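Just the one chain here, laid out as structure tokens, in the form predicted alone.
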Amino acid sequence: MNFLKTTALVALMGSIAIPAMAEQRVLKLFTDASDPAPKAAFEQLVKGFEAENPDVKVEVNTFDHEGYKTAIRNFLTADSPDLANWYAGNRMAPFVNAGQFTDVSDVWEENGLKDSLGSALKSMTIDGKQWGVPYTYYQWGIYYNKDVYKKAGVEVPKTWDEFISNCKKFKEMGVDCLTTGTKALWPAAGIFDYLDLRTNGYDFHMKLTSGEIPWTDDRVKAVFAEWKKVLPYTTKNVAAIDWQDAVSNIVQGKAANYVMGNFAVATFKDGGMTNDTLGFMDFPTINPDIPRAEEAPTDTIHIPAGAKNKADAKKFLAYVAKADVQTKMNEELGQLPINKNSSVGDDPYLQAGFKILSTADGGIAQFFDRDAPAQMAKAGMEGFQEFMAYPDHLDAILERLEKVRQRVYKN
């Protein structure tokens, strides 16, 4: 009799449990977060979302970085997941223009994201609509040797004129005012981007990198005119050295300043620099009438147009936009949260970056090789490298870049 009662009770419990399990919905997430830190950050993110939404199971498919660049073009047209990570700005534009990303303006409106994620609003907006949610970025700026500044008796500059004035003092000491290493091309793009953002502003820079403005435009020439001012004080033969070699120039006091991303801090410290000797400053002002824009490559999550579970996908975007979620996620990534109400640890470079990015009212550029198509980016960076060695080639360089623009953007 007891056996029969037990059997009946188990059957009853099973009949209750089975419908509950059957109600659990699936959310498919495709990502290229394959390195250890990003992978751990996404695992933490998914675990937290599932804890808040026990009726949703997130299935994650992780690709390697290079494979993902090809895979996303295939899975967006063939078998879309519900969520996919990508990048802000002009990198997401082709998918938006092709109708492959979902308009998530309602997620932004309902969760107050235009305020809390305000620094990334421009880079997430096309045709007045938002097409994804950003979750991490890192700052670019100028890293400098504090001891060299002390020996030269100069202050950290606020304007480009002050920066150039300091260069003359550094040259008297036999120190390069600016160093970089362009063997791999991309470090020169950081200099160009900031000079353009400070000379012409974010909107102009985005139009230039999206092919709407000729490279022979006088406003582009004005950017190179500012760059030419610092060339006499820049490390020679930068095309022959890698970015890590230029780090050594700062570490050894052979150079004072380096336009670089925050990922380089570990390399500076591996060379022996400390928080007491390595400084960070925002790129100086050139035109004070232009709203301050910054360079910060931004990672994002989107809902493909072919997603089957858009309702839960929008819940996921709202979750990843939360201040506390972005704080935890970026602690794992070692980068910066975009939500202005998030917090960062004691690292002074992250604190400085969080401050300048959270208050950037001009916009957030993604970096030249993210903002421009691959062919234009390669040609542009080759041109920047050539200009640094042969500034008198400028007209020929710009005419060449203009021909590339007309070919790359003709469709």
Partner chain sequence: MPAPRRRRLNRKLAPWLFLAPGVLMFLIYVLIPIGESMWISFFQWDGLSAKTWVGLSNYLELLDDDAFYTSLKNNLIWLVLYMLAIPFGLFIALFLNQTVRGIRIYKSLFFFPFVISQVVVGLIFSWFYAPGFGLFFELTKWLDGTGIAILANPNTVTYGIIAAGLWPQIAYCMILYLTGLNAVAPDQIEAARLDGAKGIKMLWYVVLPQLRPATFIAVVVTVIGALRSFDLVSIMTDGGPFGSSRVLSYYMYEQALSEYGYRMGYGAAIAVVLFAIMMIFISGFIWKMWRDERGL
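Please read all numbers here as calculations on a predicted model, not as lab measurements. Residue numbers count along the first chain shown, from 1.
Only in words, not in the display: the form predicted together with the partner chain, which the text now covers.
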property: Touches the partner chain in the predicted bound form: residue 355 (any heavy atom, 4.5 Å); result: no
property: 4.5 Å heavy atom contact, residue 351 to the partner chain in the predicted bound form; result: no
property: Close approach of residue 173 to the partner chain in the predicted bound form, 4.5 Å, heavy atom; result: no
property: Residue 61 within 4.5 Å of the partner chain in the predicted bound form, heavy atoms; result: no
property: Three-residue site 69, 91 and 385 fully in contact with the partner chain in the predicted bound form at 4.5 Å by heavy atom; result: yes
property: Which of 39-47, 357-365, 52-60, 370-378 sits within 4.5 Å of the partner chain in the predicted bound form, heavy atom basis; result: 370-378
property: Of 237, 97, 165, 274, the one that lies within 4.5 Å of the partner chain in the predicted bound form (heavy atoms); result: 237
property: Heavy atom within 4.5 Å of the partner chain in the predicted bound form - qualifying residues of 150-183; result: 183
